[in-house]
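The form predicted alone is given below as one chain in structure tokens.
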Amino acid sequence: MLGQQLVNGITLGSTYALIAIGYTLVLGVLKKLNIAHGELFMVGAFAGIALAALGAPLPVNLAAAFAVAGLVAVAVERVCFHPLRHASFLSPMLTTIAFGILLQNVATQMFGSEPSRFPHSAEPQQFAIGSLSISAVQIAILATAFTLMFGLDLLVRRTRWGIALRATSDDPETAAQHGVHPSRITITTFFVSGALAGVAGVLTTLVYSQVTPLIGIRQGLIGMVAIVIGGLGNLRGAMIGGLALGLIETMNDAYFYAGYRDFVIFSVFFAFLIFKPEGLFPAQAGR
């Protein structure tokens, strides 16, 4: 049974990792948090559900969530961050709270406040690997999440865009003097961060089978916990932090009490803030 719970935990944790990566990308470039990031998760989930209701296959649903949430993230940057780029640290963060509430209300008007479900035409196929049972849905989630994680890691570390991203993060003025356009890097970073959150929304909805306009609140907080565990500003740390949270949540539900799920998760959060605020992997150890 432990092996099965490990599979379940990694499946859930891979979706949390995508949310945490989005936070880390924006935090690395602007040194600020996008508090509306959880709502981008919600937007992606509803985009996927809307197309799935029309009979679109999962790859199309994921592509729609990727594009829609990414574009909404760009709107967040243009409305909440760019006009306030010279303002105090708190100003753009407070505007993202308002933007997130706006997105919640738009989703409520469009889809209602009751849970919306991801339509399934048939029971997912199950595969047995020894004593483990893994569904086709879990395989799709793991394949999608890990492909995006590894792909983004290579993109950041091995491409010109990744070099420009890191240069902008370290010193935007010097980067601009060397031909980098910080504004373009910021926009593309927001798009990628939102797109990953949107895909996570669809994948998580596949796990839980339903979503509400308010789901982004919890998922956004989970992403914040993940980046604190992994290490603020550390991309790989965000991935590991998300996977760790998925395992913690699954093990709690299986061996402890599901009603204490958030109590356990946020107890871990406060423990890291008090005893290891730099996280498991400080940013300078591997960005």
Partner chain sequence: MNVYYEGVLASMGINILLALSAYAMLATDRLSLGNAGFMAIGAYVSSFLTVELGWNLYPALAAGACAAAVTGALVGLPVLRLQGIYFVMGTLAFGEVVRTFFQNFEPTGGAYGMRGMSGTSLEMIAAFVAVFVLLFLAFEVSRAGRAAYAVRDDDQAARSIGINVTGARLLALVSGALIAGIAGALFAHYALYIESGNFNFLVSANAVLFVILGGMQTFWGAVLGAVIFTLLPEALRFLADWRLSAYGALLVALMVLRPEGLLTRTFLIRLWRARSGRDAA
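Numbering follows the first chain given and starts at 1. From a predicted model like this one, the values you see are computed outputs, not experimental measurements.
Keep in mind that the form predicted in complex with its partner chain is missing from the display, and what follows is about it.
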Item to complete: Tell me, yes or no, whether F99 is in contact with its partner chain in the model of the complex, where a contact means a heavy atom of each within 4.5 Å.
Response: yes
Discussion item. My question is simply whether S91 lines the interface with its partner chain in the model of the complex - judged by any non-hydrogen atom within 4.5 Å.
Written reply: yes
Practice prompt. Considering only heavy atoms, tell me if P83 and its partner chain come within 4.5 Å of each other in the model of the complex.
Written response: yes
Discussion item. I'd like to know whether I35 contacts its partner chain in the model of the complex, with contact meaning heavy atoms within 4.5 angstroms.
Written reply: yes
Practice prompt. Would you check whether its partner chain, in the model of the complex, lies within 4.5 angstroms of a non-hydrogen atom from each of M1, T212 and A254?
Written response: no
Worksheet item: What stretch, of 169-177, 196-204, 152-160, 83-91, brings heavy atoms to within 4.5 Å of its partner chain in the model of the complex?
Response: 83-91
Worksheet item: Which residue among L221, A50, A63, A56 has a heavy atom within 4.5 angstroms of its partner chain in the model of the complex?
Response: L221
Item to complete: Scan T144, T95, T189, Q138 and let me know which has any heavy atom within 4.5 Å of its partner chain in the model of the complex.
Response: T95
Worksheet item: Can you tell me which residues in 261-281 come within 4.5 angstroms of its partner chain in the model of the complex, by heavy atoms?
Response: D262, F263, F266, S267, F269, F270, L273, I274, P277
